[in-house]
Every structure is written in C-alpha cells, then in structure tokens.
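Take a look at this single chain, the form predicted alone, given in structure tokens.
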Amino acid sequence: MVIVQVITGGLLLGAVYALFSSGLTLIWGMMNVVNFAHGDFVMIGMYVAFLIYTYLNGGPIEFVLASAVVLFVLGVWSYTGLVRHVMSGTLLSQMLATFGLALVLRYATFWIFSSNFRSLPEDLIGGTLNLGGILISMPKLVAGVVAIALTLGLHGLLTRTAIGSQLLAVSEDRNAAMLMGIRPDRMQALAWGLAGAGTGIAGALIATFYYISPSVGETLALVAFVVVALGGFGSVPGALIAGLLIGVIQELSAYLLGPVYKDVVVYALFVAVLWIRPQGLFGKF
C-alpha cells in the first residue's frame, strides 16, 4: 500500500513536470532553440503566486491566473527582445543568450527577495484525500489534475486548431509558412508566450507544496531537460509520458534509496537515454 501511495504521489508530481516541460519542447520544436531560462521562468511563477497571496490576499485561482499572464508576457518579451535577434547567429550565441537571461532573472530575484526560502501555507489547498487507505495530498492532487488537463489542452491546441496548424507550419518550414500568409515572428512569439504561461501555471501550482527560492529554477530546469530528452524534443505527448515517468522514478528512488539519491537516479537516466536512444520516445508534437 505504501508503494502505491508513493507511485500516486510521483504521478501527480510528474504531471506538473510535464506541464512546464511541454513549453520547453514546444520552443525546441518551433525554433530548435534551447531555453536555458526555462526553470527560472517556473521560479518567477512561484514568486508571483507568493506575492499575490501575501500582498493581495489572493487565492489559488487568482495567483495561478496571475502567474500565467505575467509569464506569458515574459515569454513574449524574451522572444521579441532577445531570442529573435540571435536566431540568425550560431547555436552558441543562442545558448549563451538564454543562459544569460536565466542568470539575469535568477540574480535579480536574489537581489529583490534575498536567498531566504519562502513558502505558501500548507492549508491553502487544505486536507488529505483518503482513497482506500491511499493518502493523497490535496495540493499535489489539484496540481497534478490541472497540469494533465493543460498539457492535453496544449496538445489539442497544436493538433486541432487553426492557430496550432500555423504554429506547426512555421516549425516545419518558415519560408513556406510566409508564402501561405502566416507571420512566423508572430507565431514564434506566441509559442514563447504559451511556453511562458505553462511555466507560470506550473510554478504557481508547485508553490502550494514546494519551497520557493531564487535557486529552485536550476533544479527544475534540469528536470525539464531530462523530461524533454526522454520524451523526445518537440513532442508534447512525449513530455507528458516522460514527466509522469520521471515523477514516479524520483518518488520511488527517495522511498527505496533515500531522498538524497532521487536526483542521482534521474540524472543517471538522463545520461542513459542520451546514450541509448538520443531521439527520445516520440517524434515532434
């Protein structure tokens, strides 16, 4: 029964991993650009939730929506103000640009909030659900269910809507998309905005049961890269399945080997995937 509870917790945590990792895979699928600031976007979402709750007395719905809006704007700005200008350069310049953005966000947050850990009240989404002896934390349950719904919604947007068709057209052939009347810059800015909104929502959800710190983005970024590498760069369904798998592996490793080993196991899996199957589990989108 304990193992079942651990696996359930891992699935719920993995769903949140999948939500913010799907934004990373969306950007890669659109532009072949790796956003090293992705984990710091999640961290900013956590701080937005903290500020909305602390200073405006907003509840989960308010700070989740606020985080989505703020990070959507940050995502669009990151593309229009930075990424668009380095896309014609070398891969190294693109990597350094997003890495520099990550450092700016991280150390600006250190300067504003200091390095002290913060958290939201444990009873904000209170209670524990008992399902036949399996105890499930309500914050994790809400976060996991919302994350799965939004990840599937993103996949549906990409595959079943006109906007999604335009996004996919730009990812396949930018010049051909322009001949069809699609504006690639607008679509790529939208992709960054959607990715940002996903990280904002994920950050706000994680903040209900996880510590908040300027350095938390580093850990979450590494998780996102493992998820995307396992699921396949450019595949949202792959990110969902890989996120769930990584969440379960983390929780089982913490239970069976000890919390200190859970990240070691995940990163070992990352190396193994790159060695055995570098293309991941699935193809694009």
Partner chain sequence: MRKLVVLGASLLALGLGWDASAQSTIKIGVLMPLTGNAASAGNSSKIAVELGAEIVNNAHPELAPLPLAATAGLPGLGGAKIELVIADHQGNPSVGQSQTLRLITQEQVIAITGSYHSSVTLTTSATAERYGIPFVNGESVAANLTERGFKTFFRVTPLASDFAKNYMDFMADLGKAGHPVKTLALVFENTEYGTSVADTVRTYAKERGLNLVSDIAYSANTTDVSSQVLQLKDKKPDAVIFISYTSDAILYVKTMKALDYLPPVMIADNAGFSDHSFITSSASLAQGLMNRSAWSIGKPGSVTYKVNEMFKAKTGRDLDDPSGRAMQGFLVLAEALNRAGSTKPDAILKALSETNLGPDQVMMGYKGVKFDAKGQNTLAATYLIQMSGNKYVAVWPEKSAEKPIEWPYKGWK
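Positions refer to the first chain, counted from 1. Owing to the predicted nature of the structure, the values given are computational and were not obtained by experimental measurement.
What comes next is about the form predicted together with the partner chain, which is not displayed.
Next item on the list: Examine A254 and determine whether its closest non-hydrogen atom to the partner chain in the predicted complex is within 4.5 angstroms.
Entry: A254 belongs to the contact set for the partner chain.
Item checked: Contact test in the predicted complex: L56 vs the partner chain, heavy atoms, 4.5 Å -> Contact check for L56: no, nothing within 4.5 Å of the partner chain in the predicted complex.
Next item on the list: Evaluate S235 for contact with the partner chain in the predicted complex, applying a 4.5 angstroms cut-off between non-hydrogen atoms, and reply yes or no.
Entry: So S235 does not count as contacting the partner chain.
Next item on the list: Verify the contact flag for L135: yes if a non-hydrogen atom of it lies within 4.5 Å of a non-hydrogen atom of the partner chain in the predicted complex, no if not.
Entry: Judged by the heavy-atom cut-off of 4.5 Å, L135 is in contact with the partner chain in the predicted complex.
Next item on the list: With the partner chain left out here, work out from 196 to 204, 142 to 150, 68 to 76, 119 to 127 which stretch has heavy atoms within 4.5 Å of it in the predicted complex.
Entry: Of the stretches listed, the one contacting the partner is 119 to 127.
Next item on the list: For the stretch 8 to 23, return the residues whose heavy atoms include at least one within 4.5 Å of the partner chain in the predicted complex, in the order they occur.
Entry: Result: L13, Y17.
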